[in-house]
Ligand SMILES: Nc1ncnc2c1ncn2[C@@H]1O[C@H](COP(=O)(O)OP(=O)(O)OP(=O)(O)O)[C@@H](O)[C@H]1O
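There is one chain below, alone, in C-alpha cells, taken in the form predicted alone.
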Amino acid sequence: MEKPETILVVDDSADTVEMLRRNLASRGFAVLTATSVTQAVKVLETAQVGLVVTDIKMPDIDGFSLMRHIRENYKAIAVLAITGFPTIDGAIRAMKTGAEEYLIKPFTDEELFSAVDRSLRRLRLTQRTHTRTIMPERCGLVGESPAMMAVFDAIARAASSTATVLIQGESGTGKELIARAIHYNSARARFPFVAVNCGGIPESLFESELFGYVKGAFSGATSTRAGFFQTADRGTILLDEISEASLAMQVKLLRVLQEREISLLGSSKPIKVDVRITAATNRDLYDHTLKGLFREDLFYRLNVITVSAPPLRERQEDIPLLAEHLLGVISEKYDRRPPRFSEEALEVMRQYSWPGNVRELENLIHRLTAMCTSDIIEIPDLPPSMRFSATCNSGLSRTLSQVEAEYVRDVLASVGGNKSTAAKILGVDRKTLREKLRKTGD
C-alpha cells in the first residue's frame, strides 16, 4: 500500500488551519499543521513533507519568507500559496518565489483539491526526473532493481532535506556511497564530504579527532588542529560504524546534534558548526538501545530519515549490470581492454548468495581482471566456492560453524590471502579473523 503524501498547512488563523486539515485528511492525506513560519520551519526539519499549503499574509514572518526558505533548503517540496488579499503583483511574486499554485480565499473544496492535485503531480514529475539524475555511476551506485529504485528515491528525498540520515545495511552494501550520493545531490555539494570510521579510531583519540584540539591541550599538541567536524563545515559528515562509538562519545555526539556546536580539546569556548550529519551502521541500533549499548536519545536524533542499503542477494537482477560496470572501471585501472562475461558465468554469479555483498563482488572482479588471460570470463575462471554453490545439494546438512568456516576460507581465497581485506568484507577486525582461522586450523 502506497504511503499517503504528507501536507503541511501553515496559517496564522487556527480556524483556517483546522478547516484545511479536515478537508485534506478526508481525501486521505497525512496533514501536519503550523500557525507560524517559525513553527513550520521546525516541522520541515523533522518530517518528510511533500506539499506546503501556506498563507501569504501572516504576522512577524510572512509566507514569502517561508517559500524562500523551502526553495533554498528543500528540492522536493511543492508549495501552494493562499491569500485573502489578492493582487496581481502578489501572484507574480508568489510564483517567482517558488509557489506551484496560487489560491484566493474564499475557495471551494473542489478548487482546493484541484490545486493540491496539480501541485503534487508536478512534484512527482520533478522527483522522477531528479531520481534519474542521481542514478549515473558518478556516485558509484549502479542498479535497476526495485530495491535500488527505492534507494534512489530515498536518496533524492534525503538530498532535498537537511535532516539527519541513518543508513543501515550489511557490511559491503555501499552505505558510504549512499551517504556520498545524498551529499553530492544536496545544496551542500560544493562543500566537503568527510567520512569518519568510528570503529577505526582508538577511544583515547576519538574526541581530539572529531572535535580537534588547541595547542598545549596535551603532551605532543604543538599546534592547534581542526577536527573532522570543522573540516566538514557547511558540508556533510558521515559517522560510519556509529554503533562502535562508546557511551561516553555518544554523549558528546548527542550534544553536537542538539547544539550544533563543538568544543576543541583544551578549550572551553564552543564553536558553531554547520554540518549535515549522516550515520551508517551494519548493526541493529534499536536492538543496541534495548541492550543498553547505544543511547536511546541519540538513536532517535540520528534516525530522522532512514535509508536501507539492500544486500546483493535481494537485488540479484543487478548483478550483471554491476559486474559489467566494475569490470570496465577496474580494467581501466589495469590499463587493459575489459574482457566480457559469458552468459553461463553471469548465471552462476546470479545464483551465488554473495554474503560479502558488493564489496565481495568488487574483489572478485579485481581478481578476475588481474588473472584472466582471455577475452571471455567463463565458469572455470570463477572461484570454486562460487562454481559449486550453484549445484551443491548438501548445504543443509552442514552445521553453522562449518558453513562459517567455509565462507571465511572462501573470502580469504578470493582476496589472495589478504587478511585485512578479508576482515573488512567479513565485517570483523583482524583479531577476530585470526581467532576464527585458528579454530578452523587454517
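In this text the structure is predicted, and so the values were computed from the model without any measurement. From 1 onward, residues are counted along the sequence shown.
There is also a form predicted in complex with this ligand; it is not shown, and the following applies to it.
S.K.: By the heavy atom within 4.5 Å rule, which residue out of 170, 297, 261, 153 makes contact with this ligand in the predicted complex?
M.R.: None of the others qualify; the residue that does is 170.
S.K.: Among the candidate residues 256, 141, 305, 103, which is the single one with a non-hydrogen atom no more than 4.5 Å from this ligand in the predicted complex?
M.R.: Looking at 256, 141, 305, 103 one by one, just 141 meets the 4.5 Å heavy-atom criterion.
S.K.: Should residue 314 be counted as a contact of this ligand in the predicted complex, where contact means heavy atoms within 4.5 Å?
M.R.: Taking the distances in the predicted complex, the answer for residue 314 is no, it never comes within 4.5 Å of this ligand.
S.K.: Taking this ligand as it sits in the predicted complex, is residue 358 near enough to touch it, meaning that at least one heavy atom pair lies within 4.5 angstroms?
M.R.: Contact with this ligand, yes.
S.K.: Residue 148: heavy atom within 4.5 Å of this ligand in the predicted complex?
M.R.: Yes, residue 148 lies within 4.5 Å of this ligand in the predicted complex.
S.K.: Is there any non-hydrogen atom of residue 175 lying within 4.5 Å of this ligand in the predicted complex?
M.R.: Yes - in the predicted complex, heavy atoms of residue 175 and this ligand come within 4.5 Å of each other.
S.K.: Out of the stretches listed (315 to 323, 183 to 191, 114 to 122, 219 to 227), which one is close to this ligand in the predicted complex, meaning heavy atoms within 4.5 Å?
M.R.: Answer to the contact question: 315 to 323.
S.K.: Suppose contact means any heavy atom within 4.5 Å; which members of 361 to 380 contact this ligand in the predicted complex?
M.R.: Heavy-atom contacts within 4.5 Å come from 362 alone.
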